[in-house]
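A single chain, nothing else alongside it, follows as structure tokens in the form predicted on its own.
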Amino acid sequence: MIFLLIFSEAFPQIQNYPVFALSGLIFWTFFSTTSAHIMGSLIENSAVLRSLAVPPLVFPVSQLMAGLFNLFMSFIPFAIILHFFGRLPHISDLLVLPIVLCFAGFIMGVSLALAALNVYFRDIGLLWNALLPAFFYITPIAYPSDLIPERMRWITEVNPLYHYINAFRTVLYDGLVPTAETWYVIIAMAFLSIVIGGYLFKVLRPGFIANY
């Protein structure tokens, strides 16, 4: 309601502002909540990991699956809102599924690194929760990207969240198919995130028990 009543007046150039805002907010919520839950999953289940021979990876994966379930449940009211504002279903909407898969891979990689580091340095959790609001405001979620000054446009280009949310909006808000360049970028970021996050998790795993 805040976005609808206040921000829609601030950006009158955006048609169907509620759809524009929600198409970003849904996936931002998926990123912020899922990454935070995965990051804390090892510490929260440390008693289980000390007493049972359970692979530590089980808990981050379970949190990712829970986040995906919540995301897909949020699509139900979102679809109703889309219909209310005159957005008709289109076959291209199915492209949301591979985009979600790429986004989930990116989140998993980042969160695995955070979870592993959080075992050794508990301030990582506090730091991440402090950084999340900053990521929200530098990502064009509540405002269009063309409002960003040209001299600061590079911040948007290096922000992975911008590319994923832009891909979602291209499908759900614009009703178009993302460009080949967009697909290359989001797939490459997901791959690199999983490789780097998985490697860091594997390297730090031997010391988990001693630092829980």
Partner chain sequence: MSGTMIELRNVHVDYLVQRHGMRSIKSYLTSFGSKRLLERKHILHDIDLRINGGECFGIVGRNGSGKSTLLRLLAGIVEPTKGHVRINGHVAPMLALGVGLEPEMSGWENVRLCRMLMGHQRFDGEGVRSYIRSFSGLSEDDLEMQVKRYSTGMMARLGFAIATATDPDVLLIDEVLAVGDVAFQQQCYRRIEELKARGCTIVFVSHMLGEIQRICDRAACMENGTVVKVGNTHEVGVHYHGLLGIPL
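Please read these numbers as outputs of a predicted model, since none were measured by experiment. Numbering follows the first chain given and starts at 1.
The discussion below concerns the form predicted in complex with its partner chain, not included here.
**Q** Does any heavy atom of V54 come within 4.5 Å of a heavy atom of its partner chain in the model of the complex?
**A** Answer yes; at least one heavy atom of V54 falls within 4.5 Å of its partner chain in the model of the complex.
**Q** I'd like to know whether H83 contacts its partner chain in the model of the complex, with contact meaning heavy atoms within 4.5 angstroms.
**A** Output for H83 is no: heavy atoms all beyond 4.5 Å of its partner chain.
**Q** So, A47 and its partner chain: in the model of the complex, are they within 4.5 Å at any heavy atom pair?
**A** Yes, A47 sits close enough to its partner chain in the model of the complex that at least one of its heavy atoms falls within 4.5 Å.
**Q** Does its partner chain get within 4.5 angstroms of any non-hydrogen atom of V203 in the model of the complex?
**A** So V203 counts as contacting its partner chain.
**Q** Note which of L132, I138, I124, L101 lies within 4.5 Å of its partner chain in the model of the complex, where distance is taken over heavy atoms; exactly one does.
**A** Going through each option in turn, the one that passes is I124.
**Q** Go through 101-109, 114-122, 84-92, 138-146 and give me the stretch that gets within 4.5 Å of its partner chain in the model of the complex, heavy atoms only.
**A** Selected stretch: 114-122.
**Q** Only counting heavy atoms and a 4.5 Å limit, does any residue of 183-201 reach its partner chain in the model of the complex, and if so which ones?
**A** The stretch does not touch the partner at all.
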